[in-house]
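Below sits a lone chain in structure tokens, taken as the form predicted alone.
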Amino acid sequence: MSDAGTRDPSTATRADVCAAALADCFRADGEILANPIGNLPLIGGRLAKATFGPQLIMTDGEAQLIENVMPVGVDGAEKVVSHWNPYRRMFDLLWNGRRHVIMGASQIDRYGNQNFAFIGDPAAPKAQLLGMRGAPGNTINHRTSYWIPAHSARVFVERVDVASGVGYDRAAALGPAGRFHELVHVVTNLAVLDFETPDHSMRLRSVHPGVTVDEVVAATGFELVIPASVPESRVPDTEELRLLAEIDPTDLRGAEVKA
């Protein structure tokens, strides 16, 4: 990729930090389909492939697997195609656990149950959203992470109105049928969270620079597990910032995360 200029890490924005955190969701995945959904997850996924995860497989967003790291939101960008991957073939990867997806969530609870189907009473919902989509199959068959661009108590709720994506408590109740369930990280505009606790309830992993633990707690509608010491989320280094400028030349990440 060409030289897109040099930025000091001290100039990194909150959006840059979020992109790096989303990239880190794919660390140690090996040769697997990285399937980030949405602009900032896609930017993070392509940053992962361009740096520590060259073996990651990515799609062009349609029906092809690509080898090069394409810029996001650029029509006619160069594309090095390695394989045809129509929709039906995606299920071969899904059922075999060879995919790590990053999805969104309109609601998520302490065990990672996720909702983007509807808000309110199932008999008369006050808001109809995407529907269940592929969330049940994703969460029960392979690694899943989440991207929440606006961390608030309306999203981080005590109980989801309906479970689109399966959380750790529901997976445990399934017995052997839930054995491939694995939720990795929840990345938000404020923090990174995970489920690395004895009962797999959500834990605060790091706070983004300029954010306090108290701010995250106040924006969460259930009791988080808070370690004795909570580090800051890592800031992308100079090379990652250069790559981000190439991967996201129109700053879609900055439009999504303002701070």
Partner chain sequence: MPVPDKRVTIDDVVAEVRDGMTIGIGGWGSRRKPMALVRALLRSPVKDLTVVSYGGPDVGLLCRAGKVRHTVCAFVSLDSIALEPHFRNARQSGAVTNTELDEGMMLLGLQAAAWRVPFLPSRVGLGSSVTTLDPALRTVTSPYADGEELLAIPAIELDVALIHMNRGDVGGSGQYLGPDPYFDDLFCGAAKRRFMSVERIVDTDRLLDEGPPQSLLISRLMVDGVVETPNGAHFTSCAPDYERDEAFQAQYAATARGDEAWHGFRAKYLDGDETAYQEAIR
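A quick note: this is a predicted structure, and the numbers were derived from the prediction, not measured. Positions refer to the first chain, counted from 1. The term rigid core refers to the maximal set of C-alpha atoms that superpose within 1.5 Å between the two forms.
Same protein, other form: the form predicted in complex with its partner chain, not shown, and the subject of what follows.
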message: Considering non-hydrogen atoms and a 4.5 Å limit, does its partner chain approach Glu62 in the predicted complex?
response: yes
- prompt: With the partner left out of view, is Ala105 within 4.5 angstroms of its partner chain in the predicted complex by any non-hydrogen atom?
  reply: no
task: Consider Gly76 of the chain shown here, and say whether it contacts its partner chain in the predicted complex, taking contact as heavy atoms within 4.5 Å.
output: no
- request: Give a yes or no for Arg159: in the predicted complex, does one of its heavy atoms lie within 4.5 Å of a heavy atom belonging to its partner chain?
  value: no
query: In terms of non-hydrogen atoms within 4.5 angstroms, which of the given stretches 184 to 192, 145 to 153, 68 to 76, 167 to 175 touches its partner chain in the predicted complex?
result: 167 to 175
Interface residues of 66 to 92 toward its partner chain, as seen in the predicted complex [heavy atoms, 4.5 Å]: Trp84, Pro86, Tyr87, Arg88, Phe91
message: Using a rigid core superposition, assess whether Gly76 undergoes a CA shift of 2 Å or more between the shown form and the other one.
response: no
Displaced residue check between the shown form and the other one: Ala127, CA, 2 Å or over, core reference: no
